[in-house]
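We begin with a single chain expressed as structure tokens, specifically the form predicted on its own.
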Amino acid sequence: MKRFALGAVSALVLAATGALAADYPAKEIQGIIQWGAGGSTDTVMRSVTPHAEEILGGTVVMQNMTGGVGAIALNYVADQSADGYTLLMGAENPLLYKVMGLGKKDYSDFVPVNVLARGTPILVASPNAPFDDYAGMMAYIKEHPGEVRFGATGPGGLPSVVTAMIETIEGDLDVISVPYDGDGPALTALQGGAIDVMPAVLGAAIEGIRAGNMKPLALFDVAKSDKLPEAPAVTDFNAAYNDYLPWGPFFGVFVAKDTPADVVEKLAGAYAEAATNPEFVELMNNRGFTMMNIAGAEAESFLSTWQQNTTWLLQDAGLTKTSPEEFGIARPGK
């Protein structure tokens, strides 16, 4: 009798969950963007989400929640109910939290609704910087140690990975690191002359470059981009970068791991269709982003490989607090 009663309760719970999923969304959805306004993550999410809203038939209220290299936003979403009403709109940084000592959670605690696109890093300089390309920058840093101001977004951010890559190839950089809450504020500071150099994603910097408000020093890729042909590839200056490239950030929408499967399916379907909207695709192409639009097992595989390659790059550069091995992350090729 007790067994039957428990079974009946379980059936009622399942039925109620199914009903909730069928009605989803029945209220506003929170979209928590883990970087500041005007940055690449913010631009991507505010461009694609209106199209997803139309498909969902609901409203996604987006909010920028900065700090902790995105960890504050991630932890906030992780602490909300796993019901699909709080989305994490993030970038690559959480995959580095554990090895960088920034937190105990990463994307393994979430379900990827959609990994929308990936970007290509670029090194840009203030228009008044006393160098015009990567080689000139390196020579100036050696001749003027402790003078060049590099923008940063904290441990595990894109600038820290690119800087680690440079130091692995070229040796220690004697520069001043100036922290910002995302590449948007940092690029604004760069254009105003508060910093000299910023490692950023091409999509966030391309309009400023085209307007003449910043100078492209080197694209961190194995070849030039047809979106910005005047920017040389960093491998033109040092072929050793071929061992680490191509590499780049990515942008995705995530929900807590225990979110009902039907709700995840609705969200995934909405963002998958939104990512094909011609306006969004054109924006992404013009900004130099590479479309991905992946979910499920394909997204999980991409995230795993990205984490493996990047954590070991940082480990070998001596920037991690804990070895990737401690978290079961094998060295690439093993």
Partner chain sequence: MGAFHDFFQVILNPELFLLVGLGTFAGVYIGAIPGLSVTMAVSILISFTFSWDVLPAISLMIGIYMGGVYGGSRTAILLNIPGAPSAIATAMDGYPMAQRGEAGTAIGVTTVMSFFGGFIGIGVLALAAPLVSDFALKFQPRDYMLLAVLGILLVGSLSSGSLVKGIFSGALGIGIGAVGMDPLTFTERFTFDIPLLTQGISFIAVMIGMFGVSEALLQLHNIDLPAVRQKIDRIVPSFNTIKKHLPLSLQTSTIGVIIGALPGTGGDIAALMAYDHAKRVTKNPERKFGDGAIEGLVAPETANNAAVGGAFIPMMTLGIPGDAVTAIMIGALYIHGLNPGPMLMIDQPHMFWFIVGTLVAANFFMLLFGLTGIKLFTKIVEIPRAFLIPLIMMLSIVGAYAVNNSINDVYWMLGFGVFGYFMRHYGYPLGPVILGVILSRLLDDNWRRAIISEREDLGRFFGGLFSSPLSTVLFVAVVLIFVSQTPLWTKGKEMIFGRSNRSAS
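Since the structure is predicted, the reported quantities are computational estimates derived from the model, not experimental observations. Positions refer to the first chain, counted from 1.
Not pictured, yet referred to below: the form predicted in complex with the partner chain.
Proximity of residue 102 to the partner chain in the predicted complex falls within the 4.5 Å heavy atom cutoff. When the partner chain is considered in the predicted complex, residue 286 lines it closely, a heavy atom lying within 4.5 Å. Although the partner is absent here, residue 47 sits close enough that one of its heavy atoms falls within 4.5 Å of the partner chain in the predicted complex. For residue 66, a non-hydrogen atom is located within 4.5 Å of the partner chain in the predicted complex, even though that partner is not displayed. Shown alone, this chain has one stretch from 238-246, 164-172, 251-259, 207-215 that lies within 4.5 Å of the partner chain in the predicted complex by heavy atoms: 207-215. Each of 149, 180 and 191 comes within 4.5 Å of the partner chain in the predicted complex, counting any heavy atom.
Just one of 222, 135, 72, 82 comes within 4.5 Å of the partner chain in the predicted complex, counting any heavy atom, and that one is 72. Of the residues 121, 90, 112, 155, just one reaches the partner chain in the predicted complex with a heavy atom at 4.5 Å or closer; this is 155.
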